[in-house]
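Shown below, as structure tokens, is a lone chain in the form predicted on its own; questions about how it binds or moves come after it.
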Amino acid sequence: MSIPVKDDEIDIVIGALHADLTSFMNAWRPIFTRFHLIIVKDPDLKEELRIPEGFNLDVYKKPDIDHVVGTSTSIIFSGYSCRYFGYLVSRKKYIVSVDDDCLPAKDNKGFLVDAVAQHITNLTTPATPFFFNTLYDPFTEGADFVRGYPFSLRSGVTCALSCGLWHNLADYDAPTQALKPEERNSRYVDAVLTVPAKTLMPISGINIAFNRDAVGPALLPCLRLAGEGKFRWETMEDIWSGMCVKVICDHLGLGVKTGLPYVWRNDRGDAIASLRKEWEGVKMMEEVVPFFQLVRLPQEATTAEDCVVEVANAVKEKLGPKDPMFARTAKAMLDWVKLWKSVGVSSYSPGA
């Protein structure tokens, strides 16, 4: 039941926070060479990128970002947020996004995991958000709908977002990682699940794929902590983006899957050193989760752009008075929609 997808319908987006991408690119060579790559260099990275030959790619640097975005926007593409510039300039239907500290994983049999193929399978087979199937994804080989699953719901809905997992360094918050400094994730769970409708989840941008046509504008780099840093524990932009896109998928009747594919994530950063920076985000979650649980979008919001505007207005009204950070976030979300629409009707090549 999977929809055939051509290689030229897919962009691989890589946010480059490291200058030397040689080992990263060579590790992914068996998988990435079939596709077009968009590499976005962190504007704060001073060294020149080192990228091996043999790939079909475009590299975007700070002058390219400034040319496309200008200086009047509240959107900042530094650090991990640089990946969102790749989402912005892509013209492909499907985007697979992998961080530059991740390598291909191996499955239980020792075979290299083709993360791109699995993400595309997730996106091109239906999701089932309105009734939970206890035998995982019913559209996976070897699985099906369980007894009692309503036949009227078995056709499912379009899957708009695929959230992969990773081995080695688990995506714990800084307090948890600090308490378990030696703990690593080594389990390979061969399963994909649809996240139920009206259920929030902490989405990480480390290893995701999405249907850009359906929800592209809903993945946005708009929330920035006051003490935001360059390590995963010191940012919350993808968590916020994930809650936005999940609420929007629920409203638009789209699905979100989590599970396969895995990647291997290298160790980076110091959890204890990051504790102070991330604590602001830990406290923030106690405010924003109830907000997203209660937010309702009007029926008139029929596109991802419409939905982002509605969420931004609700953020300004409900959360803005509590913390100026949320007012800035709401403005950035509105600016993002304007930017998405303006860039969508223009063409630009890096280095032009």
Partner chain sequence: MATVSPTPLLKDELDIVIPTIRNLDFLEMWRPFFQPYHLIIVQDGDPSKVIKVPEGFDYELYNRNDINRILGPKASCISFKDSACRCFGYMVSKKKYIYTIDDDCFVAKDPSGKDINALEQHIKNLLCPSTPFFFNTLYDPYRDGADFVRGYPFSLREGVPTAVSHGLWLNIPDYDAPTQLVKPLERNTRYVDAIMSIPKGTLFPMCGMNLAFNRELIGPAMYFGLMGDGQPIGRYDDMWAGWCTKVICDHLGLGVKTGLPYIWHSKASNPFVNLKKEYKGIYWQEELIPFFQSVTLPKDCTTVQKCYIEISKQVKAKLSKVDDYFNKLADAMVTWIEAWDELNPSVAKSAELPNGAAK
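Here the structure is a predicted model, which is why all the values come from computation and not from measurement. Residue numbers count along the first chain shown, from 1.
The discussion below concerns the form predicted in complex with the partner chain, not included here.
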Inset, instruction - Could you spot which one of V157, L103, V113, L193 gets a heavy atom to within 4.5 Å of the partner chain in the predicted bound form? - result: L193
Legend entry - Heavy atom distance at most 4.5 Å to the partner chain in the predicted bound form, all of T176, Y188 and M201: yes
Legend entry - Residue stretch of 213-221, 90-98, 247-255, 133-141 approaching the partner chain in the predicted bound form, non-hydrogen atom distance within 4.5 Å: 133-141
Inset, instruction - Report yes if any heavy atom of D107 sits within 4.5 Å of a heavy atom of the partner chain in the predicted bound form; otherwise report no. - result: no
Inset, instruction - Would you check, heavy atoms only and a 4.5 Å threshold, whether V263 touches the partner chain in the predicted bound form? - result: no
Legend entry - 4.5 angstroms heavy atom contact with the partner chain in the predicted bound form for A117: no
Legend entry - Residue contact check: Y84 to the partner chain in the predicted bound form, 4.5 Å heavy atom: no
Inset, instruction - Counting only non-hydrogen atoms and a 4.5 Å cut-off, give the residues of 143-171 close to the partner chain in the predicted bound form. - result: A143, D144, F145, V146, R147, G148, Y149, P150, F151, S152, R154, L165, W166, A170, D171
